[in-house]
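The data below hold one chain only, encoded as structure tokens and taken in the form predicted alone.
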């Protein structure tokens, strides 16, 4: 009998060891896959894949950033002097415009003369910048110079202020509006949810009667199980019109609406974890504090809350994680506008909402696809920093208590 028990114990121990190893390896593989796909973005050209930019050979400019290219083709930049060239007007030229200059019959059969005609158009126009397919690029022709095709850089990605992944000829993958929008919505949500959550946790743990606690606790835990899309509908139907009316705004889909919805969603997690941590305070510590003459409130904020500090920190981390990683509810109530946020009462877009909205439409393996994976890497790093910071604070509080 003892042998059978030992065999069973070793068998169970082996299963637990294998399951732990498989879980760890799976998580590592997911992280490696995420970063491998995301970092591929920085090997992508700044110009749309399969195209080149050509200028007149007399133009001294050798390369342009993706922002420079966008400004040129949006007619916001009009002189080559702005980019270190001569003082002459910029003439943006898109590939299809060649058919306005030359009839199709002059292109020859199967357009074999198309590169020649493009070369003639570029060589005869000093300030031109032509956006042409690589297969028709008049490379090597007199009077034509192909600009160096730069790669997308980390500074373009993290410091760019425009997220326009479908722009031509140079897609814009600036994530600064998305990062700031995510942090703004999440930070305000935690500012709202944390004091309310801790207040309710203190009430349930120390002040509420057993009857009230038995009613509130399952009710709050039930709120945590409501799907996020339901919270999104609530925000869209109730909060958005209310915010628009109260603050006299043109639209109610704002960062403030997203923050309120996220705060409501984070409350059950914060309340449940913090309340459990407070109730785990030893009865002897409570009685010792009261025996020394402390009031009930003094015992709460001088004994119970410091003792439950690690649990409260865990509640904060889980609440922030819920706020930062939320997708559907935020997508529905924040306006989904990838612009730099200047106040709480403007539309914004968050990182999770961007990934959810665009990943299904991004061509697999392309720069847009890789940029969305890189956004996932950014979200992973932000969450990890928050977790490490909370763990460090919790350990410092524990050391102080000792």
Partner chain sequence: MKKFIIAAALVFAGFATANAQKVKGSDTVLPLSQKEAEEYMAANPAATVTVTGGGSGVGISALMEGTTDIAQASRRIKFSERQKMQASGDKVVEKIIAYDALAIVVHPSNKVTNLTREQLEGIFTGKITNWKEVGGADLKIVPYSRETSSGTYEFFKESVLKNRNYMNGIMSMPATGAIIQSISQTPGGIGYVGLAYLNDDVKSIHVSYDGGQHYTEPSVENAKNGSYPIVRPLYYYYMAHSEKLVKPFIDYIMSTEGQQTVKEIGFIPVSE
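We call the rigid core whatever largest set of C-alpha positions still superposes within 1.5 Å between the two forms. Positions refer to the first chain, counted from 1. Here the structure is a predicted model, which means the values were calculated and not measured.
Absent from the display: the form predicted in complex with the partner chain. The rest refers to it.
Student: Just checking whether residue 358 would be counted as a contact of the partner chain in the model of the complex - the rule being heavy atoms within 4.5 angstroms.
Tutor: Taking the distances in the model of the complex, the answer for residue 358 is yes, it comes within 4.5 Å of the partner chain.
Student: Would residue 45 count as touching the partner chain in the model of the complex under a 4.5 Å heavy atom rule?
Tutor: Answer no; every heavy atom of residue 45 is more than 4.5 Å from the partner chain in the model of the complex.
Student: If you check in the model of the complex, is residue 136 within 4.5 Å of the partner chain, heavy atoms only?
Tutor: It does: once the partner chain is placed as it appears in the model of the complex, residue 136 has a heavy atom within 4.5 Å of it.
Student: With a 4.5 Å heavy atom cut-off, would you call residue 261 a contact of the partner chain in the model of the complex?
Tutor: Contact with the partner chain, no.
Student: Out of 281, 228, 162, 299, which one falls within 4.5 Å of the partner chain in the model of the complex, going by heavy atoms?
Tutor: Here the answer is residue option 162.
Student: Pick from 215, 203, 247, 95: which residue has any heavy atom within 4.5 angstroms of the partner chain in the model of the complex?
Tutor: None of the others qualify; the residue that does is 95.
Student: So if I measure heavy atom distances to the partner chain in the model of the complex, which of the stretches 247 to 255, 189 to 197, 289 to 297, 312 to 320 falls within 4.5 Å?
Tutor: Stretch 247 to 255 is the one.
Student: Would you say all of 64, 68 and 352 touch the partner chain in the model of the complex, counting a heavy atom within 4.5 Å as a touch?
Tutor: Result no, not one residue of the spot touches the partner chain.
Student: Select from 321 to 350 the residues with a non-hydrogen atom within 4.5 Å of the partner chain in the model of the complex and write them out in sequence order.
Tutor: Contacting residues: 331, 332, 335, 336, 337, 338, 339, 347, 349.
Student: Would you say whether residue 323 is displaced between this form and the one not shown, judging by a C-alpha shift of 2 Å or more on the superposed rigid core?
Tutor: No, because once the rigid core is superposed, the C-alpha of residue 323 moves less than 2 Å between this form and the one not shown.
Student: Superposing on the rigid core, do we see a C-alpha displacement of 2 Å or more at residue 133 between this form and the one not shown?
Tutor: Yes, residue 133 moves 2 Å or more.
Student: Honestly, after the rigid core fit, is residue 266 moving at least 2 Å at Cα between this form and the one not shown?
Tutor: No; that C-alpha moves by less than 2 Å between this form and the one not shown.
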